[in-house]
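So this first bit is one chain, no partners, the form predicted alone, shown in C-alpha cells.
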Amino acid sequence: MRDPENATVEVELPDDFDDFWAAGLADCASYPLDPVLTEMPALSTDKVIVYDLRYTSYGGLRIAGWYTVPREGPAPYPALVTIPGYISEPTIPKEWSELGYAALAVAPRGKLRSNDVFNPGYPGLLTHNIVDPNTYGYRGFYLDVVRSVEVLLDRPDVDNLRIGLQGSSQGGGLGISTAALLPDVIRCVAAGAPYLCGIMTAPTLTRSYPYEEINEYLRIHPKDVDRVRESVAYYDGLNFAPKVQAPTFLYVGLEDDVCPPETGFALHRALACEKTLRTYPHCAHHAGLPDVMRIVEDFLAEHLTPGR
C-alpha cells in the first residue's frame, strides 16, 4: 500500500548545478529584454486594462504574455506572474487585476503565441533533447519565466518589493524553480500539484502523461537511462527547493495520477523556507480546485497586500 507522505524520493544534485543556471541567466542577460506592450481595448473591461506583451528571453527568442492592470487603485501595484500547465495556454489574468494586482500570464516557448521557433508539441516537450541538459527543451522554458519577472522589475506601475508567483502542475513546478533563481525578488509562491519534482521517480508511480513520455522514451532508448537521470537532475524541483527563500504554499491531491503526491510531500520536505502544505484526500490532479483558490488568494494577499 502506498504511503505518499513517507515515500523516499531521491534526486542527485549535480556538482555544477549553480554554475549551470548562472550560465543560463548570463545568456539571458546578454539580450536586451526589449518588452513591447500593446493595449488591447477589445479585451479590456471597465475595471482592467489588457496588454499583449512580447519580450526577449534565452537564446534571443521572443516570448509572449498577457499583462493586465487595474484601471483604478493605488499604483505601484503588487505583481503576480501566473504560470501555465503543461498542455494549457495562459489565460488573460483579468481576475487577478480585479483584486488589485498587476498580473502577467507568461506563455513560455512552445505555447501558441511563442512557438514560431521552438515547438516540440505536447507530448514532446518533456523529452525534447532530454539526454543533454545544455540543449534540453526545458532550459529555455524555465528561463522564459524568469525573464517575465524581469519584465515586471522594469515596470513603473509595479512595486518591486511585492512580486509573487502562482500556478499549478507545471506552473507550480516552475514557480519553485523561478523563486530559487530569483531569491531576492520573489516574495511568495503558491504552487499546486507541483510537476517536475522527483522527475525520475514520478514515472515509476504513474502511467499518465506527461511523465509517461519518459517511460516511452526509455522503452525505445533503454541505454539512455543514466544520461536522462543526470540531465533532468538540473531541472528537478527538489534540487531548486532548498534555494527558495519566499514563503511557499503547496496544495496536493492525494489521488493525483498525473503528479504523484509522493513528489509533493518530497518537495515540502526539501523546502527550507516558511512553508505550508495543504492536502486533499479523494482529489486528483485538480488538487482541491476550485475551493483551494480562496486559500491561495488569501495567502497571496497576506504577502503582497493588494490595495495598499
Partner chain sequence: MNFDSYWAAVDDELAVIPGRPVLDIVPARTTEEATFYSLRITSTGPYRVYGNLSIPKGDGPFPALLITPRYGSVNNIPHPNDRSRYVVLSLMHRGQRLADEGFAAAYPGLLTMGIDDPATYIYRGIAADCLRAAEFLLGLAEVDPARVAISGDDLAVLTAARRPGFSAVRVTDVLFYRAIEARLKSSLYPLEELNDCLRAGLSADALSTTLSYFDAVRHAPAVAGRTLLAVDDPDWSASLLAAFPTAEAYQVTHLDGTDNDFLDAWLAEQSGVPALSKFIA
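Bear in mind that the values here come from a model prediction, so they are computed numbers and not experimental data. Numbering follows the first chain given and starts at 1.
Just so it is clear, the following notes concern the form predicted in complex with its partner chain, a form of the same protein that is not shown.
Residue Glu95 is the only one of Glu150, Glu95, Glu230, Asp159 with a heavy atom lying within 4.5 Å of its partner chain in the predicted complex. A single residue from the set Leu61, Leu37, Leu33, Leu254 has any heavy atom within 4.5 angstroms of its partner chain in the predicted complex; that residue is Leu254. Interface residue remark: Leu289 is counted as part of the site for its partner chain in the predicted complex, having a heavy atom within 4.5 Å. None of the heavy atoms of Ile295 is located within 4.5 Å of its partner chain in the predicted complex. Contact check for Pro133: every heavy atom lies farther than 4.5 Å from its partner chain in the predicted complex.
In the predicted complex, its partner chain sits within 4.5 Å of a heavy atom of Leu112. For the marked spot (Ser88, Gly121 and Glu212), a heavy atom within 4.5 Å of its partner chain in the predicted complex is present in each of the three residues. Of the candidate stretches 214-222, 75-83, 190-198, 230-238, only 214-222 has residues with heavy atoms within 4.5 Å of its partner chain in the predicted complex. Residues of 160-190 include none with a non-hydrogen atom no more than 4.5 angstroms from its partner chain in the predicted complex.
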